[in-house]
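We begin with a single chain expressed as structure tokens, specifically the form predicted alone.
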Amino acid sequence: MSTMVQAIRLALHVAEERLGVTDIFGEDVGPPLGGAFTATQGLKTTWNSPLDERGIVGAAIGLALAGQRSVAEVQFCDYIFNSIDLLKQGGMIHWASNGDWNCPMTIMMPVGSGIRGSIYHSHSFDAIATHIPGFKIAIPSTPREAYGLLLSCIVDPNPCLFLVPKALMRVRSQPGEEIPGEPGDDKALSRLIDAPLGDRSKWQPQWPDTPDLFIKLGEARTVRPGRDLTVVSYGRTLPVCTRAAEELVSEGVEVEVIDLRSLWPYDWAAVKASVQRTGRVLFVNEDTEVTNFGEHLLRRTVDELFYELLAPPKLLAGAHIPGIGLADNLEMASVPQLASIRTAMLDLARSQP
């Protein structure tokens, strides 16, 4: 069963073989490294860019306007902030041209904490991404989700941001969540598609036959049903929310967990239906709490569902600090963890109208 990084590699192989991707590029994306997280090993259309995030984003826009379809990687989202103006240009091309031009590009980048990356490799990009109109934004929580969401980004005529949680890169598929066609044995898959250490000049991957599996952007999934509380999350915090919800069963609390999957478009219908059933909702993510995307969801909940709520909606997010410290205790204290998520769930479930 694949890890998330292997699932991304499988999706990129499908994309360049069958879906028209002509260029996969970024810093160290080409041989011999195949990406800082090895997500692009063995692919045919990869090439190394200069250490220039503005150049990467600009090249992706240029390729799109020239009729090509590319996947550009910014090695860490922490370094894309100098490209906000170019992202804005890419996002408005279809609108500004009155529909005459599309900008079909996918920008892929690791986001968030979880690898002890300290102040320059631990930022989130969720809320900032949603402030750039014109982009579709996907953020997976499992390898299968990564595979299907990435393929949907690649074929979409709009520019897309594919945000990959760093902490989940090496997390493996759970039974029943495999990508169709991948070997059930993780060691067998590794022998097929993971480059060996040392000299890779003669190595060639052996790709399993995996399908064009598209997970629709803007369609959430209910990870587990519940009656007492709705929890809406995505990315790194999603599996932590699921674990916390399972632990609360012994407390007599049944939590419904929703994986938003994409931040734009997002599945408000699924969130609304769940909150109408449970009467309580907690939004969880690790981006900083001030102008957090969860605040938008909370505001909309109050606007549209106020008289159906049994308790005030809550947001649990990362601390509003300039960066995350290298020390383990500092990182753990900076973003939601299992204990804080579990406590927030239990307090909200037990709150009285």
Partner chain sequence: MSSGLRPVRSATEADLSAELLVRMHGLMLKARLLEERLIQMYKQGDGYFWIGGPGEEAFNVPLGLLIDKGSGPQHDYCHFHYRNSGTLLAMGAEPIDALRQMKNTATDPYSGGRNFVGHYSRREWNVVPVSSPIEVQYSIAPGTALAQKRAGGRGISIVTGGDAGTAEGDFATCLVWASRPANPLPLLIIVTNNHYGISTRSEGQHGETRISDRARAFNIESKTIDGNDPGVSYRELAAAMDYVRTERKPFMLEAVLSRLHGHSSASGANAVLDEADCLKGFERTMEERKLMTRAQMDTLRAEFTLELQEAHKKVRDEPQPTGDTIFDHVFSERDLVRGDQ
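Everything numeric in this text was worked out from a predicted model, so none of it was measured. Positions refer to the first chain, counted from 1.
Heads up, the form predicted together with its partner chain isn't pictured, but that's what we're talking about next.
Stretch in contact, per heavy atom within 4.5 angstroms of its partner chain in the model of the complex, of 36 to 44, 287 to 295, 313 to 321, 63 to 71: Of the stretches listed, the one contacting the partner is 63 to 71.
T130 within 4.5 Å of its partner chain in the model of the complex, heavy atoms: T130: no, not in contact with its partner chain in the model of the complex.
Contact label in the model of the complex: K136 to its partner chain, heavy atom within 4.5 Å: Within the cut-off, so yes.
Partner proximity in the model of the complex: Q204 to its partner chain, non-hydrogen atom cutoff 4.5 Å: Heavy-atom contact with its partner chain at 4.5 Å: absent for Q204.
Contact of P239 with its partner chain in the model of the complex (heavy atom, 4.5 Å): Residue-level check for P239: no, no contact with its partner chain.
The unique member of N158, S274, S152, Q75 whose heavy atoms fall within 4.5 Å of its partner chain in the model of the complex: It is N158 that has a heavy atom within 4.5 Å of the partner.
S141, E182 and I215 all contacting its partner chain in the model of the complex, non-hydrogen atom within 4.5 Å: No, none of S141, E182 and I215 comes within 4.5 Å of its partner chain in the model of the complex.
Residues within 4.5 Å of its partner chain in the model of the complex, restricted to 80 to 107 and counted by heavy atom: Those in contact are D85, L86, Q89, I93, H94, W95, A96, S97, N98, G99, D100, W101, N102, P104.
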